[in-house]
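Presented below, as structure tokens, is a lone chain in the form predicted on its own.
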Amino acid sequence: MSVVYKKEVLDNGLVSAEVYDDKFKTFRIIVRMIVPLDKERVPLSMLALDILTMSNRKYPEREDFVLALTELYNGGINSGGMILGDCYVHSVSMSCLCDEYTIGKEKISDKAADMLLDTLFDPLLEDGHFSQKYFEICRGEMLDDIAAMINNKRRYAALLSKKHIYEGEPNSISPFDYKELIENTTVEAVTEAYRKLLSSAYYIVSVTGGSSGSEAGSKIREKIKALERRPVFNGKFRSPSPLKKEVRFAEAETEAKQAQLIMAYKPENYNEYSSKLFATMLGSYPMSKLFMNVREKLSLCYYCDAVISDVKATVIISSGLDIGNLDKARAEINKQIEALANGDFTDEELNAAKLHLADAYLSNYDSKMDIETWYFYQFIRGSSDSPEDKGGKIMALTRQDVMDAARSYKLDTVFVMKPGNGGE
């Protein structure tokens, strides 16, 4: 793979990251702004970034803004965000064609950088505040998204379960906690949240794809350096969730025909590699213990899988099932964990899971976004391992490593979302 990764930690909470791969004909710049997870400030900042990507002072009308991006060979600007441990990662990204592939080799990377800078730091303001029109549009879309989450019962159950799995931790926050805040906020409050975000965020500026993005990335970083900033995030991403002294049992009701069972397990001792292999063998690929036994062999559920949160050191098993199978499914899930702890698996199962993980790591080379995200996650772990490096470490794991990981994980929380109103 012709991939070059460079990382530099600059002064005052600013990190530069570059991932170059000459097979890509486009490049992508992403500016991440990281702050502590707070249900009062973060939602307003999320709304502010949505408004930013609607227009800017140079292109005040949405139509002109989109046209300007189209002229950059169909460039695009997007906002996003995610909870990561006990912090929130805001992001604004710009995608653009590399200069060497434009007609006449026009240097559009510089224009792309200017467009992103204008969007981030020179927004459309009316009397010192965001446009009321775009504020109303973006607030309405955010509230629609929150309302729609209830219709996806699997996602809804996952959000509700976090209240109990991460009780007392910032990670327990869900969109339902700030729905009322967004309903009642003002354009003035959102504008102020935007200004506080710029001055208090921990920034990571990443460029990925073809080489044209290097100068554009430098231009973005120089602008951020010039800001008056006091980052409030301390740069510590990992925040393992403590194992409860007693298992927490909780439930809720919703209008649905099937139940949702969520079981969270937390380790006494966490190891990234053995924990990931354990979670994969348990329920993260088609030949896993949960899929082959709980779903296929015993038909106790419609789906049953396991995912691992590295930053929270937590394995969460989710299952959709008929309420009458609840107790049987719980017992069988624990039985499969016990099987892994006792070494009740074949060498073929072990090797298949290793190869699945190693191949999954290599698939990150398939897109600019994936390979950039890969190195972002390596950075937060204090690593710069390539997908090959990680795959090699997985392949070196032994049967005993899986057994030790399985024995380390203990049941922490059981959450059930039951059908209400007769399941209608």
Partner chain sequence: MLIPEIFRSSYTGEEYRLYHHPSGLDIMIMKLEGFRTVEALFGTKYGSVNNCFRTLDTGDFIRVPDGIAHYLEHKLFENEECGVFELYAATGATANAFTSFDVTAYTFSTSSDYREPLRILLDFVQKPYFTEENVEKERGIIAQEIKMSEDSPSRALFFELLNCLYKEHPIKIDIAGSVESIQEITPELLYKCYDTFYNLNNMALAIAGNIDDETVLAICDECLKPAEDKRLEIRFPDEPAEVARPRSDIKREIGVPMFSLGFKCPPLSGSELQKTSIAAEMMLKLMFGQMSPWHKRVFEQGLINSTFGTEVFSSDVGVFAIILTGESKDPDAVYQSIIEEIEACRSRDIDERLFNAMKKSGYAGEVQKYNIVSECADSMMFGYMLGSNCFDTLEVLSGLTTDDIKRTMELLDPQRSSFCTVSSDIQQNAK
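The structure presented is a predicted model; accordingly, all values stated were derived computationally and were not measured. By rigid core we mean the largest C-alpha set that fits within 1.5 Å across both forms. Numbering follows the first chain given and starts at 1.
Not pictured, yet referred to below: the form predicted in complex with its partner chain.
Enquirer: Should F249 be classed as touching its partner chain in the predicted complex when contacts are defined as heavy atoms within 4.5 Å?
Expert: Contact check for F249: no, nothing within 4.5 Å of its partner chain in the predicted complex.
Enquirer: Would G320 count as a contact of its partner chain in the predicted complex, using a 4.5 angstroms cut-off between non-hydrogen atoms?
Expert: Output for G320 is yes: heavy atoms within 4.5 Å of its partner chain.
Enquirer: Looking in the predicted complex, any heavy atom of K266 within 4.5 Å of its partner chain?
Expert: No, K266 sits far enough from its partner chain in the predicted complex that none of its heavy atoms falls within 4.5 Å.
Enquirer: Classify K179 as contacting or not contacting its partner chain in the predicted complex by the rule of any non-hydrogen atom within 4.5 angstroms, answering yes or no.
Expert: K179 belongs to the contact set for its partner chain.
Enquirer: Of the options V311, L198, M292, A189, which one has a non-hydrogen atom that comes within 4.5 Å of its partner chain in the predicted complex?
Expert: It is M292.
Enquirer: Only one of M82, L227, A148, A331 has a non-hydrogen atom within 4.5 angstroms of its partner chain in the predicted complex; which is it?
Expert: Of M82, L227, A148, A331, the residue with a heavy atom within 4.5 Å of its partner chain in the predicted complex is A148.
Enquirer: Could you tell me which stretch in 375-383, 390-398, 35-43, 61-69 has residues with non-hydrogen atoms within 4.5 Å of its partner chain in the predicted complex?
Expert: Looking at the other structure, the answer is 61-69.
Enquirer: Counting only non-hydrogen atoms and a 4.5 Å threshold, tell me whether E106, L300 and Y365 all contact its partner chain in the predicted complex.
Expert: Result yes, every residue of the spot touches its partner chain.
Enquirer: Determine the residues of 9-26 with a heavy atom within 4.5 Å of its partner chain in the predicted complex and present them in sequence order; the list may be empty.
Expert: In sequence order, K23, F24, K25, T26 come within 4.5 Å of the partner.
Enquirer: Rigid core fitted, is the C-alpha displacement of Q258 between the shown form and the other one 2 Å or more?
Expert: Yes; that C-alpha moves by at least 2 Å between the shown form and the other one.
Enquirer: Spell out whether the Cα of S199 moves at least 2 Å between the shown form and the other one when the two forms are superposed on their rigid core.
Expert: S199 C-alpha, core-superposed: shift of less than 2 Å.
Enquirer: With the core lined up, does the C-alpha of L300 move 2 Å or more between the shown form and the other one?
Expert: Yes, its C-alpha moves 2 Å or more.
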